[in-house]
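So this first bit is one chain, no partners, the form predicted on its own, shown in structure tokens.
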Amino acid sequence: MTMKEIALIQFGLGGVGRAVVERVLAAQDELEWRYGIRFAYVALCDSQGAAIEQQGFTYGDLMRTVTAKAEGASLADLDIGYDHEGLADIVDVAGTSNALVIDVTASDDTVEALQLALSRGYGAVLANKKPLTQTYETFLSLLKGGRVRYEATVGSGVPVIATLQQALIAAHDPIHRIEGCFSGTLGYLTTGLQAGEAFSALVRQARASGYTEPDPRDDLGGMDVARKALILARTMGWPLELPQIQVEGLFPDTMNQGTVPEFMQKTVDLDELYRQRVATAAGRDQVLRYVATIDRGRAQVGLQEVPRRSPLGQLQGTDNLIAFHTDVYADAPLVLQGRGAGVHGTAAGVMADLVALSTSFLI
């Protein structure tokens, strides 16, 4: 079998980014004998620093870098790193034939670098939702040519995008509605509320467990779920923009002001509100879930009461559930369910996309 060498350029070395590096390294032997591909990291970037090795970093270099990042270092602080002046420069210097760019940041600023990579015939794998939720024109420009895969942007490692594209759209099965719980973080909160825990305590636990962003308002405000809903809608060909999605957050707008510690202190003020909402729903044999609905050209996300015995009502912990209502799946929707939070689920989705791109005719 002819071995195919794939150069990897990765933006982001946070929790997900480090998990991706570890997964790639752990899979190398299997990738070689099963698929005939070999990955070589040639560039790593964080918000300040970068490191480039055209011949590919050694296993030892990568593991030392992952360890240093986990301890709070910047790439710029390491002996292999330097201060970078922009991600597009990294692509320009490190890019080569059969290169893949991995975006596991949470940044709005990767689009230029991604577009440069794609213009040179490279591929890209995204866990970062923000490039795909800028203007619809930007979304189309990134997907033109079929060299971008983005499974990990929705549903963590659950194959939501693959199901939508390959099982439904490719089958010419008209999709009438998509609904579900798209956030493991908010699933953890709502099932915790159902179990009688206080809202403020659940937010603290979710943050400590790494289920939320460093600023929990990024999750609790609903915008992360809105971006996922927008990506699904756009994948179906609906030219929606982010401001068109109706979003209900889990805290009042006034709590957007101030620092993260100040916000965390104020969550106690919401404990009674959510205790009452849980009790009211229970009186109707309902439970609270944070639900996204994509229907008839519109999308909305927010807290809803759902029947306790329904698939959404029976969700527990960080699981996601996505239901597709189509012509074929009219009487009973096509349902996907699985782990929806945590770095390893997202890293698994990234890994699957890397292999899919590398083994296709595109790379």
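Given the structure is predicted, the values throughout are model-derived calculations rather than measurements. Numbers for residues come from their place in the sequence shown, where the first is 1. C-alpha atoms forming the largest set that superposes within 1.5 Å between two forms make up the rigid core.
Although it is not shown, the form predicted together with a further copy of the same chain is what the next lines describe.
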| property | result |
| --- | --- |
| In the predicted bound form, the one of 40, 66, 334, 303 near a further copy of the same chain [non-hydrogen atom within 4.5 angstroms] | 334 |
| Option touching a further copy of the same chain, based on a heavy atom within 4.5 Å in the predicted bound form, out of 233, 167, 223, 142 | 167 |
| Heavy atom of residue 338 within 4.5 Å of a further copy of the same chain in the predicted bound form | yes |
| In the predicted bound form, residue 291 touching a further copy of the same chain (heavy atom, 4.5 Å) | no |
| Heavy atom of residue 171 within 4.5 Å of a further copy of the same chain in the predicted bound form | yes |
| Heavy atom of residue 314 within 4.5 Å of a further copy of the same chain in the predicted bound form | yes |
| Residue stretch of 30-38, 66-74, 295-303, 53-61 approaching a further copy of the same chain in the predicted bound form, non-hydrogen atom distance within 4.5 Å | 30-38 |
| Neighbours of a further copy of the same chain in the predicted bound form among 135-160 [non-hydrogen atom within 4.5 angstroms] | 157, 158, 159 |
| Flag for residue 309, CA shift 2 Å or larger between this form and the one not shown after aligning core | yes |
| Shift of residue 122 between this form and the one not shown at or above 2 Å (CA, core fit) | no |
| C-alpha of residue 141 off by 2 Å or more between this form and the one not shown on rigid core | no |
